[in-house]
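One chain is shown next in structure tokens, namely the form predicted on its own.
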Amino acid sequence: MFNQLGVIGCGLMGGSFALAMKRAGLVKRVIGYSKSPSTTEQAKKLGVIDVAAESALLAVSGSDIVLIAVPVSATEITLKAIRHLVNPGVLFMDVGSTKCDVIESARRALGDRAASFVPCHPIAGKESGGVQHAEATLYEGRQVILTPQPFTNPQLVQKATDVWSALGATVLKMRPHNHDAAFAAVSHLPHLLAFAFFQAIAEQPAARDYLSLAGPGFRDFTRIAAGEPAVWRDIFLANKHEVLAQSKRFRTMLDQLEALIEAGDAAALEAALRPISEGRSAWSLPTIPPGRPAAK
């Protein structure tokens, strides 16, 4: 049981964490801060937080667990603002989708106090952001990736593992570079492609007519293009080397398929598509029972 949770960034992720902690009976009081006062007030009205803080520093004051749920580009300035209250024994976590840049931000902003910061990435979310969409069950049955460093306090790493596990998540550990490479492939590039594909349709003169004929396949393929632009701007830039590497791999495959279409080679095209189809048919979304021990 924690006495006070400080949430910096009372949106979907931070709000859902607060609700989940309350529902699990893991915290007595939640104090929250957001850059927009209206967001903080809405979080209070919805019962997501108990007290609205006027600054990030005040959200940390008196808290024994802190969640930083801001865009990854704002991590360093946020950590600098609260640096003087980052004390040993207090668990500080983030929810950023990239980890190498977040860890470097923590090094620069916190110095030796970075030992109290446990980098986290919950694999959860929705197309619609905002505290009004926060849910206490958002992290149930989901994976949470921890990327602790050699200097990270191991007791706080264990505490972070216990917290996420108590919320119904499965906790894994990865090296930050491996994390960023993996999520460039399975998350960041798909979002980039969805943005590009939808816009390629939308900017055509007959776009309205085309979109009126779109079916479930188009809906499913473009669903993630409704993501928050500022969030994805930060992710693409923060992980640009890995995203661009994956984009080049995709472009190579697309070029190969286009060449077969251009040549009109039906047999070769089908031969190229078949293992892709079979591979996708054999794949299914991982379902990992909550409470599984953390893996490296």
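Keep in mind that this is a model prediction, so the values were computed, not measured. From 1 onward, residues are counted along the sequence shown.
Quick note: we don't show the form predicted in complex with another copy of the chain, though the next part is all about it.
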item: Heavy atom of each of Pro190, Phe218 and Ile261 within 4.5 Å of another copy of the chain in the model of the complex; value: yes
item: Selected contact from Leu211, Ala136, Val157, Leu85, since only one has a non-hydrogen atom within 4.5 angstroms of another copy of the chain in the model of the complex; value: Leu211
item: Residue among Ala166, Cys100, Ala74, Met174 with a heavy atom within 4.5 Å of another copy of the chain in the model of the complex; value: Met174
item: One stretch from 89-97, 74-82, 190-198, 110-118 that, in the model of the complex, holds residues within 4.5 Å of another copy of the chain by heavy atom; value: 190-198
item: Contact flag, Gln246 vs another copy of the chain in the model of the complex, heavy atom cut 4.5 Å; value: yes
item: Exercise: Leu146 in contact with another copy of the chain in the model of the complex, heavy atom 4.5 Å; value: no
item: Touches another copy of the chain in the model of the complex: Glu203 (any heavy atom, 4.5 Å); value: yes
item: 4.5 Å heavy atom contact, Arg233 to another copy of the chain in the model of the complex; value: yes
